[in-house]
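Only one chain is included here, represented as structure tokens and corresponding to the form predicted alone.
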Amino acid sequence: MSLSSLFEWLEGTWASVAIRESILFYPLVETTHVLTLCLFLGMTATWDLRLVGLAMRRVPVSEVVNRLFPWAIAGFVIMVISGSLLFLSGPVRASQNIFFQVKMVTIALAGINAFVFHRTVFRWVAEWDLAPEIPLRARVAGVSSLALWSIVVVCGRMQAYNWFD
């Protein structure tokens, strides 16, 4: 079974039809997606700005991350669930949308960036937590995260205005 066949089958399921034809459920899911995107990105951008050295310079990085990480994870989990429901409402159209495709690749890159950061330079945060200069690799991770999540937001918004249908 090809991916496009899977998406066509998925689009014909009762769940896809119910979401797509719902008067209230779809707007509630979309609103939830946007609000949890704001929560997740607000937390992520705050600690990325701390890594880059543009915010809360007197607060240890570990403290910023420890306080914001649970909120970011909660926002991310709900954002993924609501995003999956939005995708389910029209998987064929979404999968053929260039902005959706770029968004998915960029989300994967942002995930890789976060994984590499947490597996490498963040492991030694105790050594550089209060240093006057954040390590270059941490700053690069912060800038990369800010750039990647900005692309995700722009592409997500542009999905509604796909000129390539």
Partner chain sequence: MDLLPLFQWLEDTSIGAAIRDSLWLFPVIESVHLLALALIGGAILVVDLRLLGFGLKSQPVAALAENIHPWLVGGLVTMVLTGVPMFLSEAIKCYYSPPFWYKMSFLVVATLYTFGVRKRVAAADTAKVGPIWGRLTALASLGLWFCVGFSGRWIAFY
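Positions refer to the first chain, counted from 1. Nothing here was measured: the structure is a model prediction, and the numbers come from that model.
This next part talks about the form predicted in complex with the partner chain, which is not shown.
- The single contact residue among 140, 59, 105, 112, judged by any heavy atom lying within 4.5 Å of the partner chain in the predicted bound form, is 59.
- Among heavy atoms of residue 20, none comes within 4.5 Å of the partner chain in the predicted bound form.
- Residue 13 falls outside the set of residues with a heavy atom inside 4.5 Å of the partner chain in the predicted bound form.
- The partner chain is not shown here, but in the predicted bound form it comes within 4.5 Å of a heavy atom of residue 35.
- Residue contact with the partner chain in the predicted bound form: residue 123 places no heavy atom within 4.5 Å of it.
- Residues are counted as partner-facing when one of their heavy atoms sits within 4.5 Å of the partner chain in the predicted bound form; in 65 to 82 these are 67, 68, 71, in sequence order.
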